[in-house]
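Form predicted alone, single chain, as structure tokens, below.
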Amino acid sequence: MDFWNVGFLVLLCAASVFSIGAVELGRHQPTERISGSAGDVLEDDPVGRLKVFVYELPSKYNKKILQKDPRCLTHMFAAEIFMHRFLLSSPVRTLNPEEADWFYTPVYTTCDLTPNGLPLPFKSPRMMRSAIQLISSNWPYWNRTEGADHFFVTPHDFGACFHYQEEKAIERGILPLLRRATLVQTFGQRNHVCLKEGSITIPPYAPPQKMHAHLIPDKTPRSIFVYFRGLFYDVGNDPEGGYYARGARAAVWENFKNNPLFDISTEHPTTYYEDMQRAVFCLCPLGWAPWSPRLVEAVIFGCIPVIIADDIVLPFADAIPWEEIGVFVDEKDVPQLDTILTSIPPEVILRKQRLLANPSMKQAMLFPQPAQPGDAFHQVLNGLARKLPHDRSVFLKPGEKVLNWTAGPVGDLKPW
């Protein structure tokens, strides 16, 4: 028996001692509490710590778009829809804007989809500009701070840069009218023009009920060492193969397509969720953007996420101890991925699995219907509450203007 198979069997036997983490909170499994302030922050209750005013916009900005294309309810950008629904019935909502700490504008900028399900990047900024023009004309609150006490959910690939290709997102930059607002977005990468200081990074939407329906028995052994399903090349958008995922996915395929420890393929089987529950490690490489729903799926199913995305800013990083539950691999080190993973001591794997089995960890990654204590909705509110009180400097003098309403690409200035 060669070295790789020996290492695989040792790790596999150790890892399979512990069962998968369940989505629901009541299942019995070995867990480990998140130590220190991180665990306490996850369990914070935001109610009573902030008040949010929800602008009532014409339905063309939200409900009518959703009626036109119900696919928006299940795609990975759907957090903007469910955050709106949550806030409408949340105890933190106030109907009196004079007592509000935060103002929320419900705009579904990722719900205008192409036939293959991608948000139309050229419409999103125009829609957002239109909504901001509306609230600044009809209410006095935007003009007091030019958005510094407002938050927007922008779950595009590159957040409020509103494009799925990084080069074009960087060229566009964050929509100028949002540069004083707090952005709640899935995109997070350090030192990147599409992540402004003070943003709240959230998990992408993954349907809780669908994942719950695919749970397998707790004691099922983890018989797969490394698991991945997805694209390695995007021939349609990157025919030369070096731009998509900055070449990291291509490197995974070229180096490990014949390695028996790696169960990797472009095929997406009907047993995808079940397979993740049988795996020790689940690869979470960048694609066009550094984030993907695989991160949520890995946490929910107790599969140790192997994060391959340099400088990524992960969801709720002030509350979730990602370094303790995941494995970080630099993009340049992908060819050594087998050595890196087989070198991790079994006791380290076991501890990561125990932490992943903690119900509060799983809850924080989900947007369930109805909302539950400690879920992603509450983590967003916790993040907003921690920013209070607003510094007095954010309030402008009468007639003072900071933002340039005519800045940005010419196409973004067209009416929506």
Partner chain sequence: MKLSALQQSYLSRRSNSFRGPSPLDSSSDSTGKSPATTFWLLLHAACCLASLVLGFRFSRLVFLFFFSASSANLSAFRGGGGGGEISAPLLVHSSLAVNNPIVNLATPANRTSPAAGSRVMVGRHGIRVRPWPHPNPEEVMKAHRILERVQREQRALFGVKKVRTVIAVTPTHVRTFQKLHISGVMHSLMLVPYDVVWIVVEAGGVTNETASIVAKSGLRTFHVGFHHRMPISWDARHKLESRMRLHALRIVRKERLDGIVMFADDSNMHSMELFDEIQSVKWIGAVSVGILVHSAGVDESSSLQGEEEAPPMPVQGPACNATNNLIGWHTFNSLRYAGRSAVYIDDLEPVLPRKLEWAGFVLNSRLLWKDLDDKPDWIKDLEVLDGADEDIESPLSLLMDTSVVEPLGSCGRRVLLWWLRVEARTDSKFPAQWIIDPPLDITVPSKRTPWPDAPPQLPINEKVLFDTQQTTKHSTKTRTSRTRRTRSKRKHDAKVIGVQVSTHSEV
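Since the structure is predicted, the reported quantities are computational estimates derived from the model, not experimental observations. Numbering follows the first chain given and starts at 1.
As for the form predicted in complex with its partner chain, it is not shown, yet the points below apply to it.
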Worksheet entry | Listed range touching its partner chain, judged in the model of the complex by heavy atoms within 4.5 Å, from 367-375, 384-392, 351-359, 63-71 | 351-359
Worksheet item: If you check Asp310, Glu324, Asp101, Asp263 against its partner chain in the model of the complex, which one has a heavy atom within 4.5 Å?
Response: Asp310
Fill in: Single option in Tyr205, Trp142, Trp288, Tyr227 placed near its partner chain in the model of the complex, where near means a heavy atom within 4.5 Å
Trp288
Worksheet item: If you check in the model of the complex, do His268, Asp318 and Lys401 all have a non-hydrogen atom within 4.5 Å of its partner chain?
Response: no
Worksheet item: Quick one: is Glu274 in contact with its partner chain in the model of the complex, heavy atoms, 4.5 Å cut-off?
Response: no
Practice prompt. State yes or no: in the model of the complex, is some non-hydrogen atom of Gln189 no more than 4.5 angstroms from a non-hydrogen atom of its partner chain?
Written response: yes
Worksheet item: Taking heavy atoms and a 4.5 Å cut-off, does Val280 contact its partner chain in the model of the complex?
Response: yes
Worksheet item: Quick one: does Asn255 come within 4.5 Å of its partner chain in the model of the complex, counting heavy atoms only?
Response: yes
Worksheet entry | Stretch 304-336 - residues with a heavy atom within 4.5 Å of its partner chain in the model of the complex | Asp310, Asp311, Asp330, Glu331, Lys332, Pro335, Gln336
